[in-house]
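Presented below, as structure tokens, is a lone chain in the form predicted alone.
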């Protein structure tokens, strides 16, 4: 593993998206055997549905004949979908099986069927070369369906480039300024942190804030587990990045001085903020998130309260990201500067740059917009 002491060089303000990667296309409950749903993943318009035996399918959302959107059609037979315009039918492999206006089927009539895997409560789609699709490379989000964790989440349709969301999640010092009424506190910027590029290609950013006052969000959570709790806490944020766009954040607080930094979290509360961001276009993203906890698993009330509370926090992020995207669009000649706090985000950019290079899509470095690093 590698510890990054000095931030490197940013080569672009926002990145295109790799295609040879798994992206969450939908929550599992959104994809049904009753009707197709339209969803654009990495610039690919898709028609998503389930076969009668429950298997998820992702076809290009354009009929071979006149490109009418299949997602506006209906599901037919065991695994098929019918075009809403002239009635052509396709099976789950994307092969046309019926052309109502003629007795024979043109053998070239196909639409692309993309690799699909259902895991961790999401339907994942591989929009790139299907020969490279390996389900073992889907990011580890086991907390989403483990009996040892409980929680729920939502989707944000974010009108910004996916890279901006990754930047936001890899540096949480913004909580002090964007989320002052819920999870922000001055110690976020004041505390030291480490950034590591792990052997498996992931990136980990670790920050501990010792003997601090719990912000309102965490005081409420402590009192859910320890009624009447008061006092100071040790707080942690351990950010795990998995390429290209999944970030799982181990967060929590424990009664100060009870050993949480050394591994004993029994006097605390622990959650995981699960984030996986799917680029829709260059400037829009599907942002799937959930908050999972490992205490008071039986309480639906706490599940709902946490989901709504985090939803409110993330709405503050969304407002900032939208404003940032507008500022980027309005200032194409201006550059990004990077601080020490951007170390995690810098690793993410390096990894994405390598993925794009492997696809023959290396980013140009505009000579008029050199990136700058300062500390």
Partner chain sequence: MNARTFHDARVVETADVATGIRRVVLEPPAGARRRADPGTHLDVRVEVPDGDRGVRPEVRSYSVVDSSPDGSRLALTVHLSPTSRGGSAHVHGLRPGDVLRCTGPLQNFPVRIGAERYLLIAGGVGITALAAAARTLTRLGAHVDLVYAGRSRDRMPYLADLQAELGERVQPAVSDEGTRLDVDALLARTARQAPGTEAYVCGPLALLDAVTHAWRRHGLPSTALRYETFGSSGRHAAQAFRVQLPALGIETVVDPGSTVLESLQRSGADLMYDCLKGECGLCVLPVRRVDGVVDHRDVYLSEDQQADGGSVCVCVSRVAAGPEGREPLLVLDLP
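Positions refer to the first chain, counted from 1. Source: prediction; values computed, not measured.
There is another form of the same protein, the form predicted together with its partner chain; it is not shown, and what comes next is about it.
Student: For residue 75, is any heavy atom within 4.5 Å of its partner chain in the predicted complex, or not?
Tutor: Output for residue 75 is no: heavy atoms all beyond 4.5 Å of its partner chain.
Student: Any of the heavy atoms of residue 107 lying within 4.5 Å of its partner chain in the predicted complex?
Tutor: Looking in the predicted complex, residue contacts with its partner chain include residue 107, since a heavy atom lies within 4.5 Å.
Student: Find out whether any non-hydrogen atom of residue 239 is located within 4.5 angstroms of its partner chain in the predicted complex, and reply yes or no.
Tutor: Result no; residue 239 lies far from its partner chain in the predicted complex.
Student: Would you check, heavy atoms only and a 4.5 Å threshold, whether residue 132 touches its partner chain in the predicted complex?
Tutor: Close contact exists here: in the predicted complex, residue 132 approaches its partner chain to within 4.5 Å, heavy atoms only.
Student: State the residue from 55, 350, 311, 326 whose non-hydrogen atoms include one within 4.5 Å of its partner chain in the predicted complex.
Tutor: Going through each option in turn, the one that passes is 55.
Student: Scan 87, 259, 159, 115 and let me know which has any heavy atom within 4.5 Å of its partner chain in the predicted complex.
Tutor: Contact with its partner chain in the predicted complex is made by 115 alone.
Student: If contact means any heavy atom within 4.5 Å, which of 195-203, 98-106, 301-309, 208-216 contacts its partner chain in the predicted complex?
Tutor: Careful reading of the contacts points to 98-106.
Student: Let me know which residues along 184-213 have a heavy atom within 4.5 Å of its partner chain in the predicted complex, or say none if there are none.
Tutor: Contacting residues: none.
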